[in-house]
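Given next, in structure tokens, is a single chain: the form predicted on its own.
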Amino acid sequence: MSVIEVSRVSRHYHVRSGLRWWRRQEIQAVRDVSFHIDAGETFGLLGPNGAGKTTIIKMLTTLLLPTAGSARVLGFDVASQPGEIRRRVGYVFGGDRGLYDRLSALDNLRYFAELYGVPARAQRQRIAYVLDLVRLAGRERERVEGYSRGMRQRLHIARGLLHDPPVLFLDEPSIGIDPVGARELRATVSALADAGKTIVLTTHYMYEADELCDRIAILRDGSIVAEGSPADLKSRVSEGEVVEAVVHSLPADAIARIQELAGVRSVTVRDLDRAQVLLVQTKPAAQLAAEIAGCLRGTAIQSLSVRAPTLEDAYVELVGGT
């Protein structure tokens, strides 16, 4: 049974630009997007900044109306039945907004429980349950201003679960969290999935999507360019290899020389603090490590290795890495 059904949804904005003469411009944030999500599924929306992930979530949570197409959540239409949807979904977004720092976590949850319409006699039991679920029990009387980033995000999730929604939207919940906090957050999301919640997740961390998601849709320029399980997406590049080189002061012409090699599928460069990471995806049986090293002659190479493709490699190939 499909809990969420999106059919040919589009969303555009009209903006004005210019200093002396105003110019009206239309921006297409989402273009003709269709997908469905089944009950109990964890569905990932991946894509670069500006691809339309948050816009889709805001339409599904009734914060924005679609310009075209239709979408239904739990059988209710996002345009004509927003109240029914809002009572049945939870929305958790990354960042520091949405909590009152000078209140304790307990007082925050009491306040939001009133807003969500949780019956007074059920509030104490429900708050205790969500605090235990996100592993904040025992810290609930501390002010939120003293919480770490990871603890704040877990409190965000607790707030979104107060009214026990069957569908939970998580919009980049682990952004800016340290590795320990991110691991604890992933464990919380896994526990929610095991409890039967339907989860829609956006993230920029491929390992997080690989670990948590049953299916993934990859967006580029407002459109879905690929959809499937993490294994399905990785299989698109699994027959080749990835040559990974950490270098210093990569010459611009080196990338052009590598792209001209027979058997190269894509070339991506990622900047680090004091180095650059060169990722070259190759076709099956190409074995180009020696040729790539030759193209880098004269460049300080810190390391060069050959490995199997990951979900991140499939993502880069699908969205077009530069």
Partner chain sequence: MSAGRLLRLVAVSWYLHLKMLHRSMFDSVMQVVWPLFFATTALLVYRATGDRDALSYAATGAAVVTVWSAVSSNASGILQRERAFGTLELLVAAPAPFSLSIMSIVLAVTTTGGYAVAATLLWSRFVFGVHLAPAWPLPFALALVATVFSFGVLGFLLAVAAVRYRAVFALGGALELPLWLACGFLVPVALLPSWLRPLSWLLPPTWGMQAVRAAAAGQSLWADLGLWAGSTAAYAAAAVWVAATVLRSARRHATLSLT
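Numbering follows the first chain given and starts at 1. Quick caveat: nothing in here was measured; it's all calculated off a predicted structure.
The next section is about a form of this same protein that is not shown, the form predicted in complex with the partner chain.
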* Asked: Among 236, 143, 183, 204, which has at least one heavy atom within 4.5 Å of the partner chain in the model of the complex?
  -> 143
* Structure fact -> None of 74, 99, 131, 224 but one has a heavy atom within 4.5 Å of the partner chain in the model of the complex; the exception is 99
* Three-residue site 147, 169 and 187 fully in contact with the partner chain in the model of the complex at 4.5 Å by heavy atom -> no
* Asked: 107-115, 227-235, 174-182, 206-214: which one contacts the partner chain in the model of the complex at 4.5 Å, heavy atom to heavy atom?
  -> 107-115
* Asked: With the cut-off set at 4.5 Å between non-hydrogen atoms, does residue 159 touch the partner chain in the model of the complex?
  -> yes
* Asked: Any of the heavy atoms of residue 199 lying within 4.5 Å of the partner chain in the model of the complex?
  -> no
* To do: Could you confirm whether residue 220 comes within 4.5 Å of the partner chain in the model of the complex, counting heavy atoms only?
  => no
* So in the model of the complex, does residue 243 come within 4.5 Å of the partner chain, heavy atom to heavy atom? -> no
* Which residues within 120-155 place at least one heavy atom within 4.5 Å of the partner chain in the model of the complex? -> 120, 123, 143
